[in-house]
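Take a look at this one chain, the form predicted alone, written out in structure tokens.
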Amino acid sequence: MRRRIARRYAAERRFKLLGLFSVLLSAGFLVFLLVTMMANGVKGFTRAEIALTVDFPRSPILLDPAALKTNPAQVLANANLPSVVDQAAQTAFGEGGERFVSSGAVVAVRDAILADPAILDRKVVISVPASEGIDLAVKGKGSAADEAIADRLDEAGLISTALNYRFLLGSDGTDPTTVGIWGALKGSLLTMGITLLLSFPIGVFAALYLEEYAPRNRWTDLIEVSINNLAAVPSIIFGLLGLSIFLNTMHLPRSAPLVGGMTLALMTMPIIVIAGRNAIKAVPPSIRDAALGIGASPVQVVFHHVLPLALPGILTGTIIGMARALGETAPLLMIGMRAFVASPPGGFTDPATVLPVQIFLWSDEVGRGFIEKTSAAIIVLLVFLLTMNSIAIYLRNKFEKKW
């Protein structure tokens, strides 16, 4: 008897140790991921800037100051600003000095003129982004030649590090010093909005019907089995479904948040239906009996008592479904959301991309500067995901009731 009790206690201790080991292993992988991403990606939010002296009266700028007041964007687009930047860099740093500055220097000069057109009459110093090599050298990841240039500029007091606001406010590009994440983030917001608007009400009503009203026969069983199987179907299949229905049949715009959201809604709905049915099933029958006993109709029982009590469980399933949808790439690639989009989408039907696809595209670039930009984009994706989950958990706790 004592041996049996001792073996039972030993088995319990082994079970606890295995559980603790599993938790620590999972936490270790999570910490490794976060530390790696933070180490590689934090510097992606900053950039090296060079103080470039521009002598506008002696520059080859092609600009009519009077026209600048009427249509500044068009005037500056035709003002030969790239040559102005190249000449200023060569004057300041010698032959080949234009390699020190990024292609985004033109944007910095343009913004300086828009902020103060009076600088066109004098020599001014403008902080412009450094080239990819100089930027990496300042961050300790560049080549020996670039680090020597960076040290020379640092000794002259011409280089500094600043917040890379363009990364937070810009869109995709070919130069890692000028790319931004806002276009993909806005595309993700629009796509997730469509996904939630479609999948949540349809999934909840489907769960209510199947659990409260559907007759118990073989057709209902077939539908339930199909929904359970759909929750485990690979996401690429939903991409093919969206390609076939929304693009080839309905001829909706390709690479649009509308189509992306509808495709992801197809993938998310089965998860919400399954979670919703389990939450509705968990409501005690006494709640229904009590409501019916005081004269409530069956519809009032469902919408006044069952659904509010099941809502926290439904929101939990919605969190899981939306988190999966936010991280999916395969179905969005099938509907063309991997295109090069250089400006943020203006609406649900404009060409757009999303954060996972943007990360996938940058990870495939050969430029060394894209490595830290990829990690920085992953940090943005994690923050976006945590924000969404935090809001959903807050709503779940707000509506949670105990009985």
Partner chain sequence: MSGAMIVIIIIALAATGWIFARARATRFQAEVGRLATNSRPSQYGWYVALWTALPALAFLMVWANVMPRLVFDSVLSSPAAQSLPADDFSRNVILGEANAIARGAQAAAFNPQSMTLVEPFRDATARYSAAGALLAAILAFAGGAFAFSRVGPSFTARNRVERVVMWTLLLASLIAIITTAGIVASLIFESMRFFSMVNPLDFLFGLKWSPQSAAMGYGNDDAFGAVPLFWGTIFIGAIIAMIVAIPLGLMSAIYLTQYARPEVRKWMKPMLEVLAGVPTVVYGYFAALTVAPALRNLAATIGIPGASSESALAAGLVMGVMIIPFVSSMADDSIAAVPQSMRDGSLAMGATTSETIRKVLIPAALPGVVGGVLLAVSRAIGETMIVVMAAGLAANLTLNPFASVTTVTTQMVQLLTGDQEFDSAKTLAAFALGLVLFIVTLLLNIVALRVVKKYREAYE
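Superpose the two forms; the largest set of C-alphas matching within 1.5 Å is the rigid core. Values in this document were obtained by computation on a predicted structure and should not be read as measured data. Residue numbers count along the first chain shown, from 1.
Keep in mind the form predicted in complex with its partner chain is missing from the figure; the text below concerns it.
- For the chain shown alone, residue 100 is not a contact residue for its partner chain in the model of the complex, no non-hydrogen atom being within 4.5 angstroms.
- For the chain shown alone, residue 381 is a contact residue for its partner chain in the model of the complex, at least one non-hydrogen atom being within 4.5 angstroms.
- The closest heavy atom approach of residue 40 to its partner chain in the model of the complex falls within 4.5 Å.
- The closest non-hydrogen atom of residue 227 lies within 4.5 Å of its partner chain in the model of the complex.
- Only one segment in the set 323-331, 111-119, 68-76, 146-154 has any non-hydrogen atom within 4.5 angstroms of its partner chain in the model of the complex, and it is 323-331.
- Every member of the trio 23, 205 and 299 reaches its partner chain in the model of the complex with some non-hydrogen atom inside 4.5 Å.
- Between the options 308, 234, 82, 193, the residue in contact with its partner chain in the model of the complex by a heavy atom within 4.5 angstroms is 234.
- Taking a 4.5 Å heavy atom cutoff to its partner chain in the model of the complex, the contacting residues in 351-369 are 356, 359, 360, 363.
- Shown in the overlay between the shown form and the other one, fitted on the rigid core, is a CA shift at residue 34 of 2 Å or greater.
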